[in-house]
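Next up: the same protein chain in two forms, each one alone, written as structure tokens (structure 1, then structure 2).
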Structure 1
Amino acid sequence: MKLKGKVAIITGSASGIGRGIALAMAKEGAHIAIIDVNEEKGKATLAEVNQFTEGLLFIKDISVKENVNEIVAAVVTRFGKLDILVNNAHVSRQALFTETTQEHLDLSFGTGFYPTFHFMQAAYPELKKTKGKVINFASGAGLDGQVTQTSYAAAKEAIRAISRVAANEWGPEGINVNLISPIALTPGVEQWRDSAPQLYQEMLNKIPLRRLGDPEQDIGQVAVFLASDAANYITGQTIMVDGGSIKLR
């Protein structure tokens, strides 16, 4: 039980990687606040989490700042503390650079960058008390500047930038801030695969381990590690959990 008694907020945890992390952390004894806009899938994940530990479901849009503050307050009221913040949810649209619109940028920053920033600010006083852990999400699309990913890449690299700043500012207080840059088979990726099969195949061919990761076994286990005491001396890092696709130097 690597996270026994810990309390985690995980955004976008009704499905995909967020759900995988919720299950992996629940199996290690953490109480999980599931945050999502998808009520049906949220309830299903809550039922799964409740088999191992105590879950709390918020059907809330995290692009609304007031919701973020309400969620953090409600979690602390319910569980008395907050140890782990996982900023996982992110929605974006693909478009060539010259066809990228203000709406594309607003969607990507509105669902990815701003909620990450707002959750980190709202959670900071609680994380300071628990010497907590923040896990944010990066992407190879940002690191590598993949085609059609202008709005997504920009928001992801902005998330990496503020994560490094927070790691530097909050390190003396014992708060760790890291990122996972994943590749995993999730509903979001399945949608992308169906809309861009050629790009999907090209991506698969570039993964040295020749498969997409499993949300719980491959990504969830690394999130458990980063949230555990075993990672107390790691901060400000982007951890590549992508089958070897990108080697950071």
Structure 2
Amino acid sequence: MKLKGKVAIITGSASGIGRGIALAMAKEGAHIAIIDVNEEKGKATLAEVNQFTEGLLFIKDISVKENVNEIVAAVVTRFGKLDILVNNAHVSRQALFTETTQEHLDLSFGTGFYPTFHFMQAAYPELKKTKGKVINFASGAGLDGQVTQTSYAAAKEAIRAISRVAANEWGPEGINVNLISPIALTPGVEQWRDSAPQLYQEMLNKIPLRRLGDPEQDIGQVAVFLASDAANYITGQTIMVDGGSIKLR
């Protein structure tokens, strides 16, 4: 029970990587605030979480700053504190660089970068009290400059930048800020695999470990580690959980 009694906010946690992290942390004893816009999937994940711990569900649009502040306040009111903030939610559209529009940029920054920034600001007073942990998300799209990922890559690298700043500013107060850069077999990737098996296999062949990560067992367990006392001396780092695809220097 590495996270027994801890309280975690996890955005985009109704499905995919967010759900995997929610379940992994719940099984380690953390109370989980599930944040998503999909009510049906959110309720399903809440039911799973409640088998191990106590969870809360917020069906909120986190691109609205006021909703972010309300969520943090409600979680602290219910549980009395906040120990862990996981900024996982992000929506984007693919387009070639020359075809990327302002709408593409607004969507990616509005659902990924700005909610991450606003949650960090809103959570800071509480995380300062608990010497808490922030886990943000990077992507190989930004690190490797993947084609058609202009808006997504830009937002992810912006998230990396503010995470490093916060790690430096908040480190003296005992707050750790790290990032995970994952590759995972999410429901969306499963659909793509079934519709384009040859392309999926080509992608798989480029991963040294020859498989995609499991949202709970691979990505979730690294998130548990970063949220635990075992990671107290790690901050400002991008942890590659991608089967060896990108090796940072």
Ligand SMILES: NC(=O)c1ccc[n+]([C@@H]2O[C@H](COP(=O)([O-])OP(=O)(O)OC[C@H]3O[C@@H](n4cnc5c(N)ncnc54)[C@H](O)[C@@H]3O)[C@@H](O)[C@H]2O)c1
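A quick note: this is a predicted structure, and the numbers were derived from the prediction, not measured. We call the rigid core whatever largest set of C-alpha positions still superposes within 1.5 Å between the two forms. Shifts are known only where both forms have a C-alpha. For residue numbers, the reference is structure 1: its sequence is counted from 1.
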Looking at both, which one would you say is the form predicted on its own? 2
After the core is overlaid between the two structures, has the C-alpha of residue 193 moved by 2 angstroms or more? yes
Where exactly does the backbone move between the two structures? Looking for runs of 3+ consecutive residues, each with a CA shift of 2 angstroms or more after core alignment. 187 to 203
